[in-house]
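The data below hold one chain only, encoded as structure tokens and taken in the form predicted alone.
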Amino acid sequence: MSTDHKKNQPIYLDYHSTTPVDFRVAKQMFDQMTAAFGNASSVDHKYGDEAKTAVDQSVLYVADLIGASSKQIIWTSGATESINLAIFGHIARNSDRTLPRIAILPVEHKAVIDTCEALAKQKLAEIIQLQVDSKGRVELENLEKVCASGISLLCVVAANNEIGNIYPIGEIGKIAQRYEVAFLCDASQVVGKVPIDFAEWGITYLAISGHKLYGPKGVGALVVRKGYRLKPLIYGGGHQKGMRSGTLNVPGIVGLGEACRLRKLEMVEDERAIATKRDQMQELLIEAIPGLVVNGDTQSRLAGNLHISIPGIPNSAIIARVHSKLAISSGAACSSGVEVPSHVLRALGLSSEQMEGALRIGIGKFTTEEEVCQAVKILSETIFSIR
């Protein structure tokens, strides 16, 4: 993100919602939209061949970043579609006469929760809630008992999009494999930030979204383990092994591929720098604001995540006052505009004061130290003026 672009703009601290597109990614996409604009399914001429070659290269970049085979990638419009395809497609394809049981974390993204609830309302599945503690950490003993009891699908997010908790996916995958349970992991918040090994971790379905790793919106992927097939949500043409028909979004796919290539090269260094800035901001805010509480698992969270509560001051009052200076949020973008407290914070059992005063701050690779210091100053002055 250029310095000129940032001038006279609010400081952007909502990286969990979406990341700015890396200019190197945008350049690749522009070329695909203008010079190499062919349909990847048109194999009778050069334009189609160029598009197919670009898609084939992109799938290698995505697969390499997450430790998967290129044959396992299904292109989608984003993680929400990937999750819907995995859940609906798995249940429709693998259900027998007994009612399928799906186990989910209560802190899952709404794409998982709402999809499972839709199945339950249609009496097509029974939903089992896994247990988390007051920090949002998964209770592995309970998870194993649930798997042992016999379930059709296990859903555990790789990292929560509000409190930032990173979950032990490798360990959970081993439990799922032990009991021969299909395992869906929403990895949209961790791909490009935390190393993932799809092949080794026992994941059956992995959801990815381009706009969480400095790629474009409207493109993602579902990684499907060999030997599993899904009933499609979208029909017409039988594209992508019959699991997701439709003309491929070649510029988006190329953007996602390039974003994955860059994250593979730069992820470790970037995330280390991001964590340093996050820790600096946390320390300054705790010093400046009496009573501030940091939510979630501070020992295992996304490098850019800082989820705080300021008891006694509604988050709406803070956001209204800093709106022109800071881009922060009271919760997940998928639930924006909803007045009820976040389902994630309710699952943690936080007090009503903590939930009402909750703010999600997301730092990314384009966040500067100067912006961190400015944001702390703006927040602390705003809170003191309200008090």
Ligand code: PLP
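Just so we're clear, the structure is a prediction, and the values are computed from it rather than from any experiment. For every residue, the number given is its place in the sequence shown, counted from 1.
Unshown form predicted in complex with pyridoxal-5'-phosphate; subsequent notes refer to it.
(message) Only one of 182-190, 252-260, 268-276, 132-140 has heavy atoms within 4.5 Å of pyridoxal-5'-phosphate in the predicted complex; I'd like to know which.
(response) Careful reading of the contacts points to 182-190.
(message) Counting only non-hydrogen atoms and a 4.5 Å threshold, tell me whether H307, I328 and A358 all contact pyridoxal-5'-phosphate in the predicted complex.
(response) So, no: the whole triplet misses pyridoxal-5'-phosphate.
(message) Counting any non-hydrogen atom inside 4.5 Å, which residue from I163, V157, V224, A176 sits next to pyridoxal-5'-phosphate in the predicted complex?
(response) Exactly one listed residue reaches within 4.5 Å, namely V157.
(message) Only one of A79, A86, L105, I203 gets a heavy atom within 4.5 Å of pyridoxal-5'-phosphate in the predicted complex. Which one?
(response) Selected option: A79.
(request) Please check if S209 has a heavy atom lying within 4.5 Å of any heavy atom of pyridoxal-5'-phosphate in the predicted complex. (result) Yes, S209 is a contact residue.
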